[in-house]
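In structure tokens, the next block holds one chain alone, the form predicted alone.
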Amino acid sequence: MNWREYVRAVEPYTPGEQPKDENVIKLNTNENPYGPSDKVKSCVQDLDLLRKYPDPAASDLVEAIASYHGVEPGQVFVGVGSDDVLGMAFLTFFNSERPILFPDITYSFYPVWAELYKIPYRTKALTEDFRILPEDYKEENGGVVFPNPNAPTARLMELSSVEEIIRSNKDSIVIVDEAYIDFAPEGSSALSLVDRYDNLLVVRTFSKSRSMAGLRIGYAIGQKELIDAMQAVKYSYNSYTMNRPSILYGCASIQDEEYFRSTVERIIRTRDSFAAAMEGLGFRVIPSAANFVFVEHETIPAVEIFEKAREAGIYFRHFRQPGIDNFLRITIGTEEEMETVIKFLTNLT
């Protein structure tokens, strides 16, 4: 018997490249270019407290998130980034022999978790213009998960269509991954449906709109029965998932609504003006409700643009995946960074 026969073999998720050189324009991982609020920056943690374990329930952060969204603390689950929260949700809720459903072009961690946890799954094709069709998610399944806005396409599904999927799957858990929802029009979030559907779990993150990707703060909101189930799995796996600084800084971030709104609005304005400029350069731009755009040029292959941009110190994201291999995902940076990108692309095209 060889131990190698029993190693769990999976195809891991591939994150965006993290260049060592700080003097680049990094637009490949959907980070917020403006940094967290001054209230976060001014928080000073007593380092002596780091010798003690953090609150396993992260009660302060849970209560702050609950108050912000107008729900009960028992409806909130927190984790180390939304990836941790999503992974815990997969482990908790997707345990039947029926396949879970998600789009064929979507967040590429979904099939990784499915393979890791031995969850059967089936993907559903997007339309030619990258839309999710609610009718594709009305067959028997073991659960449904999708981002809204979708990634990497940036397309937003109308809330009525999201509700159609939830309503059509009352015997399954539906996870709506809202990592980018703060950049979408008001009224787009499925959080308004949580009290109406006991099979809905909405997942959010502090990484994008709150400029805190380095702290890894994610959370889920659903009815208490769902959250209790996730807590039971968490405490069976790792009780101390949230560290003290993340709890402290997360609470501080929520207290600065003015800064949060101003940076989100700034990114949206830059996104829309950048998208218009890209169209003027011969790019097809998929309508975006996120902090990035998904584009292809009418004549120049995406891989060529990707490589020449990288040589110039500009990092985009290119997916070598059928159906989107001629597209680039470009994070929205500062106004100055996007102007530099436009100048570079103008000279290239």
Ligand code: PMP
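The model shown is predicted, which means the values in this text are computed figures rather than measured ones. Quick note: we count residues from 1 along the sequence shown, nothing fancier.
Below, we refer to the form predicted together with this ligand, which is not included among the displayed structures.
Visitor: When the site C-alphas are superposed and this ligand is set in place as seen in the predicted bound form, is this chain open or blocked (3 or more ligand atoms within 2.4 angstroms of backbone or C-beta)?
Guide: Output flag = open.
Visitor: For the chain shown here without its partner, which stretch in 121-129, 250-258, 203-211, 220-228 has non-hydrogen atoms within 4.5 angstroms of this ligand in the predicted bound form?
Guide: Among the candidates, contact is made by 203-211.
Visitor: Going by heavy atom distances of 4.5 angstroms or less, which of Tyr180, Tyr137, Phe93, Phe274 would be at the interface with this ligand in the predicted bound form?
Guide: Comparing distances to this ligand in the predicted bound form, the residue within 4.5 Å is Tyr180.
Visitor: By the heavy atom within 4.5 Å rule, which residue out of Ile165, Val194, Ile100, Leu86 makes contact with this ligand in the predicted bound form?
Guide: Exactly one residue meets the criterion: Leu86.
Visitor: Give a yes/no on whether Tyr107 approaches this ligand to within 4.5 Å in the predicted bound form, heavy atoms considered.
Guide: Answer yes; at least one heavy atom of Tyr107 falls within 4.5 Å of this ligand in the predicted bound form.
Visitor: Hey, in the predicted bound form, does Gly81 get a heavy atom within 4.5 angstroms of this ligand?
Guide: Yes, Gly81 lies within 4.5 Å of this ligand in the predicted bound form.
Visitor: I'd like to know whether Ala151 contacts this ligand in the predicted bound form, with contact meaning heavy atoms within 4.5 angstroms.
Guide: Yes - in the predicted bound form, heavy atoms of Ala151 and this ligand come within 4.5 Å of each other.
Visitor: Would Arg266 count as touching this ligand in the predicted bound form under a 4.5 Å heavy atom rule?
Guide: Judged by the heavy-atom cut-off of 4.5 Å, Arg266 is well away from this ligand in the predicted bound form.
Visitor: Considering only 11-30, what residues come within 4.5 Å of this ligand in the predicted bound form, judged by heavy atoms?
Guide: Only Tyr13 sits within 4.5 Å of the partner.
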